[in-house]
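Just the one chain here, laid out as structure tokens, in the form predicted alone.
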């Protein structure tokens, strides 16, 4: 999975660091002063490095709980995110992280206790407690057997039932959740694309079948689940592809008990799009016609916006309007 492990000197004796190193006794361990020396250095090629990335263990400073970007998540209560990791072990060709980071190495911040303190302080000082998201710039569960993210953070949200946590993922690493008591305010949100898009652009990701099986297990064990159908990539067959996907997914789940369902178009900041286009000049996805507005790139929909509306109509056959939102 990893070629080496970089460890910040400050946290080399941290219990979480020692536990993780114990899982990879054969990997070379390289000390560094700060993770940025490795992660942010110049002359890195994300595409080449992705073939054999490293794991970087570090300590995160500064504000650990931040406001979400506009349009991310539910409307209403305040929305915030926290990131115990940076980057993703999967290799989705459409992922904005390829344009945001120079490195494809994965950073895991081991100072969970600081995250816990910041989250608890934030929850106590926020009206209605708020909505919190993990998985904005990583996949929350992809390294769960190594990170034990759920084991550490679930008790916090168990203490504050008015604070909602969404764990967004494509991972099937749900054993820790299945072994824990389900919490009504912790939602596991699984991302899906159509079968054709998954095969073409979602590399190293668990299959749609395995993801759905994981969701079924979670729902049967009382966990609130959510569906994130994104990014929608416009093709001549996109409506047929998603019609098939919707029928298959909702035939396996209890739709009435699904917390929420969302649709989201392919979109990313212009600078990220330019960076990825240079990484993958031979990728047809980045040769499609685009719209550029307010510093963000989206794919051009030749239907004039009708595609998303038709997909929303399809979804209305399975869920109630209260369960649905469109990602901005």
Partner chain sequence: MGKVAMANFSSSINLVVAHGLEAKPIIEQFGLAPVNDGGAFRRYQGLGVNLVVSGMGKVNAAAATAYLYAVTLNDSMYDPIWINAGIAGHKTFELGCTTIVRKITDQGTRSSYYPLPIPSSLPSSVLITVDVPEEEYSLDAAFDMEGSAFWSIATKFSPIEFVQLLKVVSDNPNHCIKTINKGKIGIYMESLAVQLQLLAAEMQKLASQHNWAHSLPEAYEKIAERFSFTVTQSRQLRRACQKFRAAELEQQLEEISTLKFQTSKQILAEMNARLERFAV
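The structure presented is a predicted model; accordingly, all values stated were derived computationally and were not measured. Positions refer to the first chain, counted from 1.
Quick note: we don't show the form predicted in complex with the partner chain, though the next part is all about it.
Across the proposed site, 43, 200 and 282 without exception bring a heavy atom within 4.5 Å of the partner chain in the predicted bound form. Residue contact check for residue 286: one or more of its heavy atoms lie within 4.5 Å of the partner chain in the predicted bound form. Residue contact check for residue 233: one or more of its heavy atoms lie within 4.5 Å of the partner chain in the predicted bound form. The closest non-hydrogen atom of residue 277 lies within 4.5 Å of the partner chain in the predicted bound form.
Using a 4.5 Å cutoff between non-hydrogen atoms, residue 296 does not count as a contact of the partner chain in the predicted bound form.
Contact with the partner chain, judged by heavy atoms within 4.5 Å in the predicted bound form, is confined among 234-242, 254-262, 135-143, 187-195 to 234-242.
Applying a 4.5 Å heavy atom cutoff to the partner chain in the predicted bound form picks out 28, 30, 31, 32, 33, 37, 38, 41, 42, 43, 44, 45, 47, 48, 49 from 18-49, in order along the sequence.
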